[in-house]
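Only one chain is given next, in C-alpha cells, and it is the form predicted on its own.
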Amino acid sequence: MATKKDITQKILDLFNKNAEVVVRKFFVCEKHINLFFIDCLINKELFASGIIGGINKLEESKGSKEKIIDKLEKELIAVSTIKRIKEEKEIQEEIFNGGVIIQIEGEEWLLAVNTAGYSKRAITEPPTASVVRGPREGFIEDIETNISLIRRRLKTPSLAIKRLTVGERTNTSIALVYLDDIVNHKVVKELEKNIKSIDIDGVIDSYYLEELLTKSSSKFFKKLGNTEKPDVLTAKILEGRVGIIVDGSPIVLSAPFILFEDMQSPGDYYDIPQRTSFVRFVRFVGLILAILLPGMYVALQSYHYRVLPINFLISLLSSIEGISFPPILEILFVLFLFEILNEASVRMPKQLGMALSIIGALVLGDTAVQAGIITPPSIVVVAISGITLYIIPNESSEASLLRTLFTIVGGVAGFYGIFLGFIILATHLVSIQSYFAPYMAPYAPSVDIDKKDGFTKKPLSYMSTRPQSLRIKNIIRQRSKTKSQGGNADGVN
C-alpha cells in the first residue's frame, strides 16, 4: 500500500508546480488527513465551518468503530454536496471547480467537497433584452445560478438536466436542460453526440459552442437560438426545446431554432395580442427595409428611374447634380462610414459618445454633403437602413452582410438582380433544418396550427397546443374547459 507521502505527492503531481494548490495537513485519531484546494476558488467561511469544524469533531468520536471516511461523509462535514472519487481526472475537475479534496491515510477513496466561492456578477436586467412589462432577471456567467433560475420557474419532476464537459484545457461545464416528457429525444441525442465529438482546447463563451454545433455546409445563418432571459428560455423549454447553458456565458442557447423566433420579443407576451401583431408586422417590414432599401435605391437611380414620380425624380436629380461617383460607390461609401461609426461607438468610452455623435453627424455627414462627395438622399437611405437593421438585434450581423450584398447586386443588375437574389435566398432558407425542425416554419412548410403565434399573435386561450414544427412527444399545452375557449377553435380538446 502506498504511503501517505506517496499519495500526497501523487495528487500534487496532477497539477503544475505553480498551480497554487494548497495542502492543509491534520493528524486526527492517529490518522493523517490532507486537504487539497485552490485558495482563490473556495468559500473561506464554508471551508472553515463545514470542513475544518467537522475534522476537529473527530477527536470527540475517537472510540467509535466507524471508519473516519464514513463518519466525515455522513455526519461531520456540514456541506450539502460531498462525494467519493479516485480517478485523476475527477480530482483535477473538483479542485478547479472550487472543491476541496480530503485524503485520509489508508483509504483508497477520496472525499470531494463542493465549496466553490469565487466572485460572480449580480443578477440584473439584460442590456440587450429590456422590457416594459415582465421579469427583469437575466442570466449571469455562473452555470449553477443560471440553472437555479430555470429550476425556480419549472417546478416539475420531468425537468431533466444533463451535464457535459467540453474543452481539453478549460473543462467548461455545459448543461442540457429540457422537459423529459415533452422534448423530442432525437434532438437531445444529436446535441449530446455533437457536443461529445468536439475536440478543442477551450470553450470560452456559448458562441464557441454555437459555431461548433453548426454544420460546416451552412454557417452563415445560425441554427441555435439564444437569449439572456430566464423567462424566455423557460417558455422555449415548455414548447419542447432544449436549453444549452454554458458556464462562463450569460447567453443561453436553445435547439431546435426556427428563423421566426427572432421576430418575437420577450415583451410580446406581456402585451395585448393586437399590439403584438402590429409590432411584429413593423419588425418584418423593418428587416426588409434594412436588407433591400440601399440596393433598391441604387437600382432606381441607375436603371429604373422612369418608375419614380416626376416631382421626386426632379428633386433627386437636383440633389445629385455635381456628384462624380456612380450611385453604387456612393452608397457603399456611406455604408462603410456607417460601419466605422458603429464599431467606434461600441468600443469608445461612454464619456466620449457625445463627441462621436457630433463628429459623425456634423463633421463627416454635413461636410461630405457640402463637399459634393455624397448626397442627402444617400444619407437618408442608409440612415433608415441602419436604424431598422437593429430592430431585430439577433439578426443584425446577417442582415448587415446581406444589405451590402444586395446593394452590389442592385448596382450591377438592378431590380432583376435583387429579385433573383431574393428568390435564391428564400430557396436556401427553406432548405435548411435546425435539429429536425424546418428553419422557415410555420410558413415553409405551412403549419396552420403554429401560425397562431406567427405574424399575428392569438390570445393565450387559443394556444392549446405546442408547436408541431418541433416534432415533440406531447403536443397538448392546455385543455379547454368551455366551448367558447380557443382550444376548440383549433380542433383540440
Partner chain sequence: MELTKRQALFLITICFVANKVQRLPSLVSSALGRHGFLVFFAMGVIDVLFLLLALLFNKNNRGKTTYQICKTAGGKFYAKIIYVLLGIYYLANALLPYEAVHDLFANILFDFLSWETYSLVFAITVFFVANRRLKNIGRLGEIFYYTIALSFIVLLVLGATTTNYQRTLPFADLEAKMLIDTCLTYSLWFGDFLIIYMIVGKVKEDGKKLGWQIILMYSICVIVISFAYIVFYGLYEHLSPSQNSLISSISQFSLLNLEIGRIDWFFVLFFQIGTVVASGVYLHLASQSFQEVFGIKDKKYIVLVLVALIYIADIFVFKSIQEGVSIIAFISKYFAISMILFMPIILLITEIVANKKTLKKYNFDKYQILYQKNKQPQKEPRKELKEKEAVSE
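Remember, predicted model here, so these are calculated numbers, not experimental data. Numbering follows the first chain given and starts at 1.
One more form of this protein should be noted, the form predicted in complex with its partner chain, which is absent from this view; the next part is about it.
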So its partner chain isn't shown here. In the predicted bound form, which residue out of 426, 460, 28, 52 has a non-hydrogen atom within 4.5 Å of it? 426
Just one of 164, 308, 329, 272 has a heavy atom within 4.5 Å of its partner chain in the predicted bound form. Which one? 308
Among 86 to 94, 405 to 413, 264 to 272, 197 to 205, mark the stretch whose residues have heavy atoms within 4.5 Å of its partner chain in the predicted bound form. 405 to 413
Is residue 179 one of the residues lying within 4.5 Å of its partner chain in the predicted bound form, judged by heavy atom distances? no
Looking at the partner-bound form in the predicted bound form, is residue 440 within 4.5 Å of its partner chain by any heavy atom? yes
Just checking whether residue 419 would be counted as a contact of its partner chain in the predicted bound form - the rule being heavy atoms within 4.5 angstroms. yes
Residue 448: touches its partner chain in the predicted bound form, heavy atom cutoff 4.5 angstroms: yes
